[in-house]
Every structure is written in structure tokens, then in C-alpha cells.
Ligand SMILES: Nc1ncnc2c1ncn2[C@@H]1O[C@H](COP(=O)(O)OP(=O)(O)O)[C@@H](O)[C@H]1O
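What follows is a single chain, given as C-alpha cells, in the form predicted on its own.
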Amino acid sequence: MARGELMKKLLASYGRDDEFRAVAELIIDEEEQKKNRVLARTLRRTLDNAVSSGSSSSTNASNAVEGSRSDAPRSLAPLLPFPDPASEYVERKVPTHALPDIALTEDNQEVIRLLVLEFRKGEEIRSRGLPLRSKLLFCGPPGCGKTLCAEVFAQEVGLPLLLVKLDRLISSYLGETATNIRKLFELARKQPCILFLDEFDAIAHTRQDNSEHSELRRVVNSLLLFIDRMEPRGFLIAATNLDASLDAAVWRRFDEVIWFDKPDRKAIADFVAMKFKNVERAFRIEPHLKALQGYSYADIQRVCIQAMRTAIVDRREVVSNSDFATAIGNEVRRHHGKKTRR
């Protein structure tokens, strides 16, 4: 969003604590994107101090008489703690990865690129009566980049990334889970952010499963209703490893579905090369590609890190072919043990 538009929104939100904080967060995130880290830290410190000082001043103000309050000059209202409506269900994550740190297929790169461009041209698109794509569903096996992609996407659009804590969201008390979900979507409505729900199938499980409790079916009904009515000021991203278990009605609620698969030979080669871009290696990747096929990005990253650790332990600056081959063997052992115990 253009700086002029952000400043207008900041002034327009004066006195409305939640909106003021949301716009201030956008300005700070924009400075971080521009690598103005010192300014961003100073602004964030000022914003946080305003919250604490606002809390103490509001306590003192409650003791003031009504007449003196009306005569006093109006001061800036204390800011609400971030994030307000559902703080116990979310965790803010500061993105530390950018596009060069993730391996994406060409199709997925293009989808992400267009989503970022649409977000940056959001006001122009909305002014022509068109909606933005803001509800995304990430599908694919574990360890293939869904969570990392959400983090990278947050970095690209300059919005805070809020990770939903499903263990706290899903209550053991009947009726409370739907209430918690409502609070969560209220947060996304008020706070420009990327709301990321991992293991989405836990709350969007198919209602055709007769083993499910009727209360859980009502949770899915509520979830579908909230997604339908949701008009986020950022993005809702849901991720699942079990797309087959999602309720059939879930799919049409999302503006875009992005599929993440295990890497093919070329993707493996590119990924290993990326992991060793700042580490000297004395081996060719190609002879190891067959052994690494069928593994996820997370598995292959573990192989690379283990090979680097071995070199460090042996006080060597260069990762050898033996280091890498041994790390692959360790990963094979790990997976073989997992299969035999199932």
C-alpha cells in the first residue's frame, strides 16, 4: 500500500484503538521490508510503550470526575494489546525467510507472484468492484513447504503472520470451539494479517464421517459460515496434509488452492545446491539424486544439515562426499525404522 494511503488511514483511525494499531503495524512492517530496521525497531518500541503507558493512564483516568474529563484536552486513546480478540489462540511469528529460501514449482511461483501483485494493487482492484483473492488453501504431504510458504508470503506482502494454536482453539467443552473460532475470525477482520491455520482438517473434517460427534459437525457448520462471511484485511491461509478428509463444502470457500508435492530430481538438485550456497562442498549432487527421491524437503534439509555438522565436528571447512552419503544413510535408517514400527 502506498505510504500516502497508510498515513491517511492512520489519521482516520485516530481514537479507534484497534484500527490505529493495525495501521501502525503496517507502517512498521513496510519499513522492515525496506530494510530500515533501526527505524522499524524505534517505531515498534514507541508503539509498545504507548500500550503500556496507555494502560496505566486509563487506570488513573477512571478516578477522574466527569466534569474535569470533559474540560481536558483529548489525548490519544490507549492502544489495545496485540492481538486483542483471540490472543490466547494465536502466536505471532516474525518471518525470517524470503523467496530465495524456498523451493517452489513454476506453477506455484506464478500463483504466489500474482497474489502478491494483486494485494499491492488491492485498492485499484476493489475500486472496480472486484474482490481480492484472500482465502488460500495449501495441500500436500508433511515437510513439503506449506508452513515455510506462508512465512515467505507474509514477508512478501508485509503483513504480520499469526499462527493459530489449534490445541488451544479446540476446546474440550461442548460449544466453546465454535465461539473460539468466531473470536479468531473477528481478529482477522479487524487486524490486517495473515492468519495461518495448520492441520486445518482438525476443524474442517468431513461431516459424512459417522464416527464424529454431532457437536463437531456443528463446529464445521460454524466454520463454513465464518469463512463465507469473512472479508479479511489480509489473508486466511489454511494448510492440510489430509486433503481427502476435508469436508466437501470447504473447497469452494477458498479463492485459491495450492498443491505442494515432494520434489522431483531437478527440484532436489536445486534445493541441495541452495542449502550449500554458503558452505563449501567437495561432492557432486547428481550421483545422490536417486537415493534422495521420495523424500520431502524437510527430510533433505535434515540430510544437508547433518552433513555440515559432521564436517564441523571433524574440524573441516569442506563437506565431503562421504559426509553427505553418510547423512543420506542415516535418513534412510530413520525412515526404515519408522516404517517397520507401523
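No experiment lies behind these values; they were computed from the predicted model shown. Position 1 is the first residue in the sequence shown; the rest follow in order.
Same protein, other form: the form predicted in complex with the named molecule, not shown, and the subject of what follows.
Asker: Heavy atoms within 4.5 Å of the named molecule in the model of the complex: which of the stretches 249 to 257, 143 to 151, 123 to 131, 160 to 168 has them?
Answerer: That would be stretch 143 to 151.
Asker: Does at least one non-hydrogen atom of Tyr295 fall within 4.5 angstroms of the named molecule in the model of the complex?
Answerer: Outside the cut-off, so no.
Asker: Should Glu186 be classed as touching the named molecule in the model of the complex when contacts are defined as heavy atoms within 4.5 Å?
Answerer: Looking in the model of the complex, residue contacts with the named molecule do not include Glu186, since no heavy atom lies within 4.5 Å.
Asker: According to a 4.5 angstroms non-hydrogen atom cut-off, is Ala103 in contact with the named molecule in the model of the complex?
Answerer: Taking the distances in the model of the complex, the answer for Ala103 is yes, it comes within 4.5 Å of the named molecule.
Asker: Do Phe271 and the named molecule share at least one heavy atom pair within 4.5 Å in the model of the complex?
Answerer: The answer is yes: Phe271 has a heavy atom within 4.5 Å of the named molecule.
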